[in-house]
Ligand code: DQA
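Coming up is one lone chain in structure tokens, specifically the form predicted on its own.
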Amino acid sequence: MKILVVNGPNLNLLGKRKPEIYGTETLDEIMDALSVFLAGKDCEAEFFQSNHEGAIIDRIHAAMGNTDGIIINPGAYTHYSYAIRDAIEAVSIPTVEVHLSDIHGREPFRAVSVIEPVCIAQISALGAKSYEVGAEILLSKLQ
């Protein structure tokens, strides 16, 4: 089974940017732990991070036909990227949206996700563990 993990804008700054909200682990550390977790589930993982909306859309499109599931942390694109939403819907690959922080307990604009309606689940507020919980949900759907 092959899982694509997509991380959006500013997630490359994890560990440095607002550690009181996002934690002190870097994106590489979180993805390394997720890679080990998925390998233990007999899954191959591919990781992609971009600060550019078009690059994220292109990577989602490229997943068609060779990826079983997607885990996405769209970052700020969560709240307004209908283009990423449409890409997820267009490829018809089961997708789970994840967030490190509690997007529903922060600023009001963060509580709205335009991505959630095209995903099988949304996980937030669990820190780095959000990715593993999201992976569990995704794998249960794929099996």
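Predicted model, so just to flag it, every value in this text is computed and none were measured. So that there is no doubt, residue numbering starts at 1 and follows the sequence shown.
Keep in mind the form predicted together with the named molecule is missing from the figure; the text below concerns it.
K.L.:
Do Leu100 and the named molecule come within 4.5 Å of each other in the predicted complex, heavy atoms counted?
P.N.:
Because a heavy atom of Leu100 falls inside 4.5 Å of the named molecule in the predicted complex, the answer is yes.
K.L.:
Is there a non-hydrogen atom of Arg110 within 4.5 angstroms of a non-hydrogen atom of the named molecule in the predicted complex?
P.N.:
Arg110: contacts the named molecule in the predicted complex.
K.L.:
Is Arg59 a contact residue for the named molecule in the predicted complex, using a 4.5 Å heavy atom cut-off?
P.N.:
No - in the predicted complex, heavy atoms of Arg59 and the named molecule never come within 4.5 Å of each other.
K.L.:
Within a 4.5 Å heavy atom cut-off, is Pro9 in contact with the named molecule in the predicted complex?
P.N.:
Residue-level check for Pro9: yes, a contact with the named molecule.
K.L.:
Only one of Val91, Ala76, Ala45, Leu27 comes within 4.5 Å of the named molecule in the predicted complex by heavy atoms, so just point that one out.
P.N.:
Selected residue: Ala76.
K.L.:
Looking at 114-122, 92-100, 51-59, 27-35, which one sits within 4.5 Å of the named molecule in the predicted complex if you count heavy atoms only?
P.N.:
Contact-bearing stretch, as computed: 92-100.
K.L.:
Using the arrangement in the predicted complex, list in sequence order the residues of 18-33 with any heavy atom within 4.5 angstroms of the named molecule.
P.N.:
The stretch 18-33, when checked against the named molecule in the predicted complex, contributes only Tyr22 at the 4.5 Å heavy-atom cut-off.
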